[in-house]
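Just the one chain here, the form predicted on its own, laid out as structure tokens.
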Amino acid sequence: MDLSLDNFVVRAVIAGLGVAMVAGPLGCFVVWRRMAYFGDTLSHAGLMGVALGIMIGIDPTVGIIATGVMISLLLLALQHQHRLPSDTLLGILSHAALSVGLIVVSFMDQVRFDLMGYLFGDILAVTRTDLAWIYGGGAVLLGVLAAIWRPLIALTVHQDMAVAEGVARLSVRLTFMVLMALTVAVAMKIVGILLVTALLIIPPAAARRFAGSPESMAVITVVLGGIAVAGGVAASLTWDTPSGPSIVVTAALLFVLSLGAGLATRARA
């Protein structure tokens, strides 16, 4: 069996593991801080970034990064007003960005555009360039996350106390939002724009029952994410199913198993 990078299955698994390593720790904060809707907003804005990137002739990944950062900054600015709650703002930004992206796509008749690939991912089509994006960008993301890990946990546990102890709330929150935007760009090729939030949420939710500390939860999440990727790729090859949804369904099955394990533990106790 060919285990080199010339084998598309090997590239797919390596790429998926890279995304799982990045999405796992960030996903823990998404679950702890109840920011699933923010992840959806960034992923929907990703389509607009892809369309605008192709239209102006730049790499779609760069377009997704730029759009995600713009949405993060806009949301942070709008949160200072008190007329609309955050979930309402997220709903407006999410659907507006997705609609703008679809409208831009409708004007691109002369451009070859794999809409389904961007929406739902195609991990089996990962290239060496994609691997460079995933692992290069992932290393930067994890390095920055490690630098803000303690302040971000402090803000998550008790925001007022963290601020009183000198944590720079605005800069830490902004950094985390930008990291989320970059993660969407990195994960786009794997599970697609519309499913990336599931990869950020489901493995941490499954790992939560087995973790004794934030760090252990991050590690368990990475392991479960890797299992979901491997299982999803295997299912896609075996039954010829879409790769991105197969990975998400595998992660969902792991979550169901974690619920069963939790019930069994309580029953024994």
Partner chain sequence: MAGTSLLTVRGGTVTRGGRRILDHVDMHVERGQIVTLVGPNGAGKSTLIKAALGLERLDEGDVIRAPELKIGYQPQKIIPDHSLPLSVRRFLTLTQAAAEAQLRALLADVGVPHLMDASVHTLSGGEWQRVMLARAVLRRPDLLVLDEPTQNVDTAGAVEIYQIIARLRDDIGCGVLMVSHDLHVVMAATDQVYCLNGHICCSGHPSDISHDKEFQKLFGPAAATTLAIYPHAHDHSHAPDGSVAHDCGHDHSHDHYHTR
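Residue numbers count along the first chain shown, from 1. The model shown is predicted, which means the values in this text are computed figures rather than measured ones.
We do not show the form predicted together with its partner chain, though everything after this point is about it.
Proximity to its partner chain in the model of the complex, defined as a heavy atom within 4.5 Å, singles out one entry of A132, A164, L170, A146, which is A164. The candidate stretches are 51-59, 223-231, 204-212, 237-245, and the one lying within 4.5 Å of its partner chain in the model of the complex by heavy atoms is 204-212. Though the partner is left out of this view, I153 does reach within 4.5 Å of its partner chain in the model of the complex, counting heavy atoms only. Using a 4.5 angstroms limit between non-hydrogen atoms, H80 is distant from its partner chain in the model of the complex.
In the model of the complex, its partner chain stays beyond 4.5 Å of every heavy atom belonging to R128. For V31, a non-hydrogen atom is located within 4.5 Å of its partner chain in the model of the complex, even though that partner is not displayed.
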